[in-house]
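The chain that follows stands alone, in the form predicted on its own, written as structure tokens.
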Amino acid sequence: MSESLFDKIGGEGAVDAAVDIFYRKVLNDDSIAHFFDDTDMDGQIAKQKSFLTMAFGGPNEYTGTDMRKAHAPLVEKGLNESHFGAVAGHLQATLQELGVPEELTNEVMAIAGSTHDDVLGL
């Protein structure tokens, strides 16, 4: 059986570190931080860690709302292509900062990109 992306990037510790760094970048970006004004960030971080673990082929314990439904209120507040791009850029920068090899970063970014239409309600 081939090793999952979750295992290749370093498992739970790597996902935890990536999500923590990622949200620090997102919350310091004035173009997107306001979307998180009313968000319980501890809960959001836990959901994101669980979601990425599942998306990367790790143990599936994600119980959150589906992407389209979860982001619909943000779309109503103006979430658009530029915001999606900013978030994706922070994810890529986080992976590079953590020294994730380019091949694995590309896999992660492809998974992130696959959420585009649901996140933006398209």
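Sequential numbering from 1, following the sequence displayed. From a predicted model like this one, the values you see are computed outputs, not experimental measurements.
There is also a form predicted together with a small molecule; it is not shown, and the following applies to it.
Participant: Looking in the predicted bound form, is the small molecule within 4.5 Å of a heavy atom from each of 23, 41 and 45?
Facilitator: Result no, not one residue of the spot touches the small molecule.
Participant: Is residue 93 part of the interface with the small molecule in the predicted bound form - any heavy atom within 4.5 Å?
Facilitator: Judged by the heavy-atom cut-off of 4.5 Å, residue 93 is well away from the small molecule in the predicted bound form.
Participant: Wondering, does residue 71 line up within 4.5 Å of the small molecule in the predicted bound form on heavy atoms?
Facilitator: Residue 71: contacts the small molecule in the predicted bound form.
Participant: Is residue 100 part of the interface with the small molecule in the predicted bound form - any heavy atom within 4.5 Å?
Facilitator: Outside the cut-off, so no.
Participant: Taking heavy atoms only, is residue 119 within 4.5 angstroms of the small molecule in the predicted bound form?
Facilitator: Although the small molecule is absent here, residue 119 would touch it in the predicted bound form, with heavy atoms inside 4.5 Å.
Participant: So the Cα-Cα distance between residue 55 and residue 25 shifts by 3 Å or more in the predicted bound form; is it shorter or longer than what we see here?
Facilitator: Closer together, by at least 3 Å.
Participant: Could you tell me whether residue 58 and residue 85 have their C-alpha atoms closer or farther apart in the predicted bound form than in the shown form, knowing the shift is 3 angstroms or more?
Facilitator: Relative to this form, closer in the predicted bound form.
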